[in-house]
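A single chain, nothing else alongside it, follows as structure tokens in the form predicted on its own.
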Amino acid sequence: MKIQPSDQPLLEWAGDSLAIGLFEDAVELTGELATLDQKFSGVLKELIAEEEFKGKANSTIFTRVNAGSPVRKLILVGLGKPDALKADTLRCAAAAVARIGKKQKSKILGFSFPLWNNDPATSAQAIAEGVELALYQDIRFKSEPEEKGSPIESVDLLGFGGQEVAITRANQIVSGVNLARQLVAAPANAVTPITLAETAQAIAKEYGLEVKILEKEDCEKLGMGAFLGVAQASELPPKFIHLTYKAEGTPKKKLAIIGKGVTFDSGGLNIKGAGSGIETMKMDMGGAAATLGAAKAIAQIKPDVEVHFISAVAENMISGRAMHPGDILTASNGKTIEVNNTDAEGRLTLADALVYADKLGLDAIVDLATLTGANIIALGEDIAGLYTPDDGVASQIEKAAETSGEKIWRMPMEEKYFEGLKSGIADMKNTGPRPGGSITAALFLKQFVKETPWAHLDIAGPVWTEKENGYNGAGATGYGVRTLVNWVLGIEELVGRGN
């Protein structure tokens, strides 16, 4: 499928389906749209009246045009209130149109959408992202995949001539999102610590990144007792992934993105029981998936920033070698941890990854993880929790998420809650009381970052969706990739302005 900008006038466009975006309570056809309606014998006005179309966000109607017309079908999509228009409104509307276009077997699809914020580049990128994300289909594990509908071959963005760079940017970012979707959706017998390390090596080879894979022995030399404690029960060896993207010359900033990489979480000896969702624990490496997806996108975009992509990858399994509840582990910064719950393993792997990154001389670190069910209880399944003591990093992440359309909410770092993590025989326990569980998890992680500005994203909810949601189909969402990419690009822009 080719998405291309076009300066062709709306009244002259020809193709299978033409999509027109209309604002809520402003569906009167004036100007060019009135002329278009006349060209099609009043079919648009008639359709709006018959369907009582009001232009509510993501609402759609469509109709066939008379035989012999240069356009076979017309699609109307609502954009909501004009003053509430966001880039993500265009992204979601484009996704809705793309799905209709596919079902209606449209090979050539045209878009006539307004600009967001008088910004043609951001608007074109959002529309292109919406189309590509909505049409993603994962058929890798079907023996006889059944293709539904005729594939869309080309998409014309009318009125967006000259926006080739924005559309290319969309392609690059979506390639990273789709990699993350594939990694999260794949079963634990397909995505293992070994294959995840191989994926990192393949990205490095294709896009010219530096790659270092630390084996178990390397991690032992670095004293990564927390990470290795999680890994020790599995038959598969742990892999510590460190990918590095380096800009040419002196980078404006040095950043790290760390993703939780537990490729399957049985819970360990605190095994997940019936109704726990253990069958979904293939997605417990959603943070690592987003990290590698961001690496793929950033390596193509090539910003003037150095970025380290890190993940301590392991399975949390059960065997005679498994860590016991009550064991004490020593992390690579010397802090001791009493393991009072082997199912709180992600924070143990992240602890050593954070210590490792903190020694790299960075300007900021962001980690993301499917860390706590408590975050889902607090914020639901669509919103990630943002935890950081640093207002500057918080502002950067919030702005990046708003641009991407990925929902986050900043949560408190209530220091007195750390009292619940204190241990009588070690420096801390790995879990605290049930109340405020996502906050105590973040406070635990904070113990492993000395001075580098740091933020933690708990993505346990939005990493997966059970039903079609906006531009995401049911299943893995690739959550976090677009926010991470926008964070990196936003920092490059800030530095470029002298901030």
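One rule holds for the numbers: they count along the sequence shown, beginning at 1. Computed from a predicted model, the values in this text were never measured in an experiment.
Although not depicted, the form predicted together with a small molecule is the subject of the following passage.
- For D343, a non-hydrogen atom is located within 4.5 Å of the small molecule in the predicted complex, even though that partner is not displayed.
- The closest non-hydrogen atom of T370 lies within 4.5 Å of the small molecule in the predicted complex.
- For T431, a non-hydrogen atom is located within 4.5 Å of the small molecule in the predicted complex, even though that partner is not displayed.
- Not displayed here, the small molecule is approached by K272 to within 4.5 Å at the level of heavy atoms in the predicted complex.
- Of the listed positions (A190, I328, A247, A374), a single one reaches within 4.5 angstroms of the small molecule by any non-hydrogen atom in the predicted complex, namely A374.
- This chain is displayed alone, yet in the predicted complex one of M411, I100, L196, M281 has a heavy atom within 4.5 Å of the small molecule; that residue is M281.
- Segments offered: 210-218, 122-130, 72-80, 281-289. Contacting the small molecule in the predicted complex at heavy atom distances within 4.5 Å is 281-289.
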